[in-house]
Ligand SMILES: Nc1ncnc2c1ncn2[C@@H]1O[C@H](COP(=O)(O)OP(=O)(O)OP(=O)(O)O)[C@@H](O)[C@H]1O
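Presented below, as structure tokens, is a lone chain in the form predicted on its own.
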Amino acid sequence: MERAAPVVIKDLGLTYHTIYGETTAVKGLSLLLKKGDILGIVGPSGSGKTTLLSVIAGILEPTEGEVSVCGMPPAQAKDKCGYMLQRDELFPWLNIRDNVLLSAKVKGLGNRRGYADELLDKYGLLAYAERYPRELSGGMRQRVALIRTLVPSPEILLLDEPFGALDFQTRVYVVDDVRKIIKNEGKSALFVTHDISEAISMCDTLAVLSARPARVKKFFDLSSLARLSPMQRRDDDSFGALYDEVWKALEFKKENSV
């Protein structure tokens, strides 16, 4: 197994057992997240994208296969991962600084105020540290949520459709901000989305999943766009052709599902 990579998955399988029977969510799935990369995950609804993140985060135990997170089993590497959900989940009764510090407090990491303020300042939010979530725009709140995820200093970010609650125009700008922050902080990230355009503009590599049980149907290397910001990628001549290729790979009408 390639220990140098933050996440290595080989032949992953996961089956849910209920009183109604068995459901195989993932079968024979393999992928690798390289250090410093943003790996995008797209797939049809219900294909196991969030299940995959839950396995990496040590929340779900795989039925078969190998999973390595920073060279360890996921259950031993929980502190290496930071999880960012679709909604910002900021507490309305806490100010922005206290919201940002909450993740570190929950993990018992002591006083991280200096680091939190450093991140807030770096990304244009320190002036809002004493304000409350209701006073910020949707895009600013998502930046706050990402900074909260960064304060405990995780090596890997697990982003589960983090822009899904935003309107289209805000999402386009926030993708720019979030990619820049991830790259500036030297993090590796898995980014789940249902939006192909968002995936191409955000990621370094893109994995297309099949319908359930999920496996990787195709990888797309987006390194040719690395020099461009997400906004610039959308205007690049290659963007339309890449979108069409991903869409064709994503089609699953002929897939057999279990």
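Residue positions are given as counts along the sequence shown, with the first one as 1. All values derive from a computational prediction rather than experimental measurement.
Here the subject shifts to the form predicted together with this ligand, a form of this protein not shown in this document.
The stretch in contact with this ligand in the model of the complex, judged by heavy atoms within 4.5 Å, is 38-46, chosen from 38-46, 221-229, 65-73, 200-208.
Within this chain, Y243 is remote from the site of this ligand in the model of the complex, having no heavy atom within 4.5 Å. Shown alone here, S238 lies farther than 4.5 Å from this ligand in the model of the complex, counting heavy atoms only. Contact check for R212: a non-hydrogen atom falls within 4.5 Å of this ligand in the model of the complex.
At the 4.5 Å threshold, heavy atoms of E161 reach this ligand in the model of the complex. Scanning 18-36 for heavy atoms within 4.5 Å of this ligand in the model of the complex gives T18, T23, A25 in sequence order.
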